[in-house]
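The form predicted on its own is given below as one chain in structure tokens.
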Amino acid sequence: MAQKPGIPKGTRDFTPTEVAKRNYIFSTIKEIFEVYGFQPIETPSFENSSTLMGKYGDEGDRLIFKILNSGDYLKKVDEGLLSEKDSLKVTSKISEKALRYDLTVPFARYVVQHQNEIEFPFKRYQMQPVWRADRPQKGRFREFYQCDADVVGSKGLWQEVEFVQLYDAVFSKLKLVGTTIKLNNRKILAGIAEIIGAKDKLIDFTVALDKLDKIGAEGVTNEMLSKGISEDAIEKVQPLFNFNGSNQEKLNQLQEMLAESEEGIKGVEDLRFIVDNVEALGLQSANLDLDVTLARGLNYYTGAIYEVSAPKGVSMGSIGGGGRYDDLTGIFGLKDVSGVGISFGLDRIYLVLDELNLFDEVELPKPRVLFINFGENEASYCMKALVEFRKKGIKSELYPDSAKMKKQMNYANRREIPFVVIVGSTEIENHNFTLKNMQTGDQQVCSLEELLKITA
């Protein structure tokens, strides 16, 4: 019995039309990255497990796809360990590599390995797939693309300002008007944890707070309680659940709230610099929103945190995010190299553009000219012309089989090919071609030079 075809959950096939639309997004992001001075790199699809594990928090570590060692991977595992049936203990013995979870940690590894070849500050962009063993749902896949831009080797806050502008530039170019760029700072979160007496629970506090828009205030409260954060501490943090006003008003409230925390005040100063300069420079179509509940669950963020949401009315998770990491390369032995970066979630951006019908101008790549195939002699004559067409960069093709005229013309109609070239014995004898305009139905006899000029 033939095997029923299928693909793993959380992955997708893409049709030619979908690929064309995705390439439109890729090319738009790439163009803006390069306008802002970023250079491209690529890293392997999989890394050593030791490179990835422990960098994303407990939740992130659970979502990393492990790759089994090749060969008889159980042969060298102690039988006593196998008998315990503890998969966590066995995993490190049978899997030494894993699919990358994001592009930032591999980038940090890249910087350390290539530090003697890099000119700092180093601005790189990277557009490659990542994998997460997550539960598939709308806008959440197990294989998806990230489009990242990072700067390492600079602590200047102007880069944070530029990243807000970069987000705005990309979404404006995609005609995705009304996105919201949410902004916070990990120093503020650390300051809040300090003044409520939960400094030792910073990670648990930020992971729970980051879920406010998903599980609500009650859900966040319950999660904090389950992590050992006291009721008194949670009571002090309640005002954050309804933090309103303009960005400047929010900054003033934070200045007052965090007056007793040196680290918290530094976070407010950093945010004020970014907000003031973004407001002075202006944005094309995006909105900047200071969101003090924004935490992002990745352990390596130390400063500014970004998250981008789709325009109001579109039900979708974040379509971008990022932040500053002061010493991510330190885990690989290169100390005191600060970095900041952002990411675009291509797959979610695609879904948003599709929902809002913003792909009208994206056309599927297709030939401008189809040469009809009437047989071996005619095909050989056409192929010589095709060489000249392709030298000129004119998209063209020969129908691969000697089929009935109607079948070949139907093919041209279905693919919306604007011109068809017909060559029979008469054309070969007279060294010319018959050109048919598929939109008007007009036909004319042309030389090769005339044909190239008309179809260019």
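Since the model is a prediction, treat every value here as computed from it, not as a measurement. In this text, rigid core is short for the largest set of C-alphas that superpose within 1.5 Å between two forms. The numbering used is simple: start at 1 and walk along the sequence shown.
Below: the form predicted together with the RNA, not depicted.
Of the residues given (K384, K85, K335, R135), R135 alone sits with a heavy atom within 4.5 Å of the RNA in the model of the complex.
Exactly one listed residue, out of I64, M409, I41, I394, brings a non-hydrogen atom to within 4.5 Å of the RNA in the model of the complex: M409. With the RNA omitted here, the record of contacts in the model of the complex names 55-63 of 41-49, 28-36, 55-63, 385-393, defined by a heavy atom within 4.5 Å. Using a 4.5 Å cutoff between non-hydrogen atoms, I319 counts as a contact of the RNA in the model of the complex.
When the RNA is considered in the model of the complex, I422 lines it closely, a heavy atom lying within 4.5 Å. Residue contact check for L68: none of its heavy atoms lie within 4.5 Å of the RNA in the model of the complex. Mapping the unseen interface onto this chain, T426 counts among the residues with a heavy atom inside 4.5 Å of the RNA in the model of the complex. The three marked residues, F122, R368 and R415, fail to reach the RNA in the model of the complex, with no heavy atom of any inside 4.5 Å. Residues in 254-292 all lack a heavy atom within 4.5 Å of the RNA in the model of the complex. In the core-superposed comparison between this form and the one not shown, E47 has its Cα shifted by less than 2 Å. Once you line up the core between this form and the one not shown, the Cα of S425 ends up 2 Å or more from where it was. N23 shows a C-alpha shift below 2 Å between this form and the one not shown [criterion: core-superposed Cα displacement of 2 Å].
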